[in-house]
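There is one chain below, alone, in structure tokens, taken in the form predicted alone.
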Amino acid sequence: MAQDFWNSALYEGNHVFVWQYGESLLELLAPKAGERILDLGCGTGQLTGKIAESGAFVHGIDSSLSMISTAKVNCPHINFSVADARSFQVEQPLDAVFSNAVLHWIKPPDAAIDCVEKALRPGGRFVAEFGGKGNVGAIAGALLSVLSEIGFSQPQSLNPWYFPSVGEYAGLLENRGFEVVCAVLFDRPTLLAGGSAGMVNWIAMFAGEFLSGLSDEVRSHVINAVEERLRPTLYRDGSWSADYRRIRVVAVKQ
């Protein structure tokens, strides 16, 4: 992404579920002492730190300077740097590339897969989880509907996300010489922190591109309208949930 719209304080304060859910992904990665591993889209570094606990040599990259700055504070013993998932390079071939909750932000997806393939040694593994087909379908649908009603002729053009099906993404990996050994799509309804402000916080953190360029008044109207449409299905007992669907993949470079 060209601009750094990430707020690392808001991310750590209200959206810790992003990396906490990713902890179980580490079981699929199964890092070993001495391995060279890249955490692609490392955010504020919590999972990078857990990979390092295995004794692996891990490097974290993220396109956000704000996230990398916070990661360096959280894990000062780990090497972090700002880099784009679509153009990063490594000095030596890696044993594994790990990525949690990142690849749905990357367009075109082929560019990131190409970089991963070039970074891995033969037999190296790519372990990733990200938003899959249907992810936040209710939230995105409400946003697109409200924007259309206030006069946006093509609100879909504002959508920053890429949510592929299992077949689509597995095909991209296979076309670049990977053997896909695991690929699954599953629902993960996710409780949002912040109580009644949970949906507002989520939109501010993850869906700001839909609202870019709007005045404060119009932005407030859109968010309120979206909340009202989602309230019957995603708000219960004083808290909001997000209708997440995730893809997990494990692929090996041939």
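Quick note: we count residues from 1 along the sequence shown, nothing fancier. Bear in mind that the values here come from a model prediction, so they are computed numbers and not experimental data.
Missing here is the form predicted together with a small molecule; even so, the following discussion is about that form.
- Stretch 199-207 is the contacting one of 199-207, 60-68, 45-53, 215-223, since its residues have non-hydrogen atoms within 4.5 Å of the small molecule in the model of the complex.
- In the model of the complex, residue 152 stays away from the small molecule, with no heavy atom inside 4.5 Å.
- In the model of the complex, the small molecule sits beyond 4.5 Å of every heavy atom of residue 178.
- In the model of the complex, the small molecule sits within 4.5 Å of a heavy atom of residue 244.
- Using a 4.5 angstroms threshold between heavy atoms, residue 135 counts as touching the small molecule in the model of the complex.
- A heavy atom within 4.5 Å of the small molecule in the model of the complex is found for exactly one of 163, 80, 126, 169: 163.
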